[in-house]
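What follows is one chain in structure tokens, specifically the form predicted on its own.
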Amino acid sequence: MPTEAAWWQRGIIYQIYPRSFQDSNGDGIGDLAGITARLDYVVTLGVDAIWISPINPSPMADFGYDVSDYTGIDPIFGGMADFDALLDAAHQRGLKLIMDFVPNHTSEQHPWFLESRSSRDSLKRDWYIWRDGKDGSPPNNWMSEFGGSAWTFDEASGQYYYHAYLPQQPDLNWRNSDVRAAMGNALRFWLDKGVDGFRLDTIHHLFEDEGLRDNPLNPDFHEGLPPREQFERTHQTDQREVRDVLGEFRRICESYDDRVLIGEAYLPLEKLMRYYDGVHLPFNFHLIGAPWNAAHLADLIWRYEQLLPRNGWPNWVLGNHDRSRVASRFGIKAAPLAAMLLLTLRGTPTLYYGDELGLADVNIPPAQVQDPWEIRVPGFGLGRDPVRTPMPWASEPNGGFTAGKPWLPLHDNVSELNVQTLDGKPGSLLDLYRDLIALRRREPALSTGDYGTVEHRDDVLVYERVHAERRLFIALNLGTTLIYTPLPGPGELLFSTVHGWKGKIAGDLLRLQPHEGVIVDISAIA
């Protein structure tokens, strides 16, 4: 570990879904001015950086992940002056700003694709992946992430184009040097403005098998899985050329001071490690789907550490805009414990807006569903609307999010579950997050320290964090019964998710309530 860790190693990232954070003009959709107005709240959390989901111009077929201009701001969110004001306000408050960047595909309305589609002889035809069909069918058996074939037939030119996601999201051809140059210039545009880094969307999809070979059947496919799971993505994702492009991105980023690249890739841990060649932090999503089980979590933590490449920095994610919220997955009683887990593991944690309040998934009436994933693949629990609902700021109608009609409904108990009500309320999850983050900032052992032991004792997950002479003992009772677990020796209780009290622990046995997590200073033990 270097003597001086980078800000993205010491710090905490807070993800903001801009449509749902704060509306400033009454149209029911959150915007950049709204985020700026709420930055002081973000500062009170104690986080170090905000990551903002896509804000580029877009037809919004996939809510900004279908980009039509990589160097602009969609009018829904404001203009470039609003972005500049947000960036300046964030920096004035000591916050870093990370942008979402979507390199795999554009919108079908992007000028590049419109030109590519105009003729087989277009100078930009090769900017995308066009192929002839086979016997009146698509070029191969590849499936879209949104269901159905990953190929769409273009009547005008008589060829198919490839899209890993929606037909409105054609994939770029990253084997084309002009594409690479154009996207590099887009990165430099934002870096020149002063953004502090990028979260790169779906990086494992950047390249496909050049021979377009059919994907093999998935031997684990069974009824009840989405149809897209019937094939493995052997020839569709995670190709060796991906790391070359990510290396180019990283060289661009590192030509500026103190920037970070984060990559989204849903892959097994062994495959994820390859991406450290290109990005500083390949997002580790394995806590999101992990069983709430001490033995499994201990194995996951230790295996992840053992697989990390030399100088690879770990990171952990518990929730995001694509997956069910923490309070829904683990239950609201376990939400404080989940917070302690995330904020005491070695590596950079990423928080998802609203999780600090205990927001759960919101039931969206069928007539109000917005997510194209749910519309195209109904009945498989893939809809993302329930985790993208507006932030509740106060007990007033619409939670103080908007003066208009919110683009998605808020949860039912806004009058009780909102920032204003929870702020300063003894025992609230919001205060627990703030206190935990403050403790993490005070204790290098929790931010940049190493592990001592990592183990499980029945339902209790136990690990030590060590920095210089400082030793902190963390014990998390993931069970539903009272448990006594051994303590290495006398220590000082620094934090409990249940009691909220601090003090000396005289014995060598720790009493843990159901869903209780504790941090104990055992530095004095010889």
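The structure presented is a predicted model; accordingly, all values stated were derived computationally and were not measured. The numbering used is simple: start at 1 and walk along the sequence shown.
Omitted here: the form predicted in complex with alpha-D-glucopyranose. The next part is about that form.
Partner contacts here mean any heavy atom within 4.5 Å of alpha-D-glucopyranose in the predicted bound form, and among 198-206, 347-355, 214-222, 414-422 they occur only in 198-206.
The closest non-hydrogen atom of Glu264 lies within 4.5 Å of alpha-D-glucopyranose in the predicted bound form.
The closest heavy atom approach of Asp48 to alpha-D-glucopyranose in the predicted bound form falls outside 4.5 Å. Not displayed here, alpha-D-glucopyranose is kept clear of Asp82 by more than 4.5 Å at the level of heavy atoms in the predicted bound form. In the predicted bound form, alpha-D-glucopyranose lies farther than 4.5 Å from every heavy atom of Phe77.
The three residues Thr71, Trp190 and Arg259 each lack any heavy atom within 4.5 Å of alpha-D-glucopyranose in the predicted bound form.
For the candidate set Arg384, Arg440, His280, His110, a heavy atom within 4.5 Å of alpha-D-glucopyranose in the predicted bound form is found for exactly one residue, namely Arg384. In summary, among the residues Phe146, Tyr162, Trp393, Phe249, the only one with a non-hydrogen atom within 4.5 Å of alpha-D-glucopyranose in the predicted bound form is Phe146. Contacts with alpha-D-glucopyranose in the predicted bound form, taken as any heavy atom within 4.5 Å, map within 42-76 to Asp62, Tyr65.
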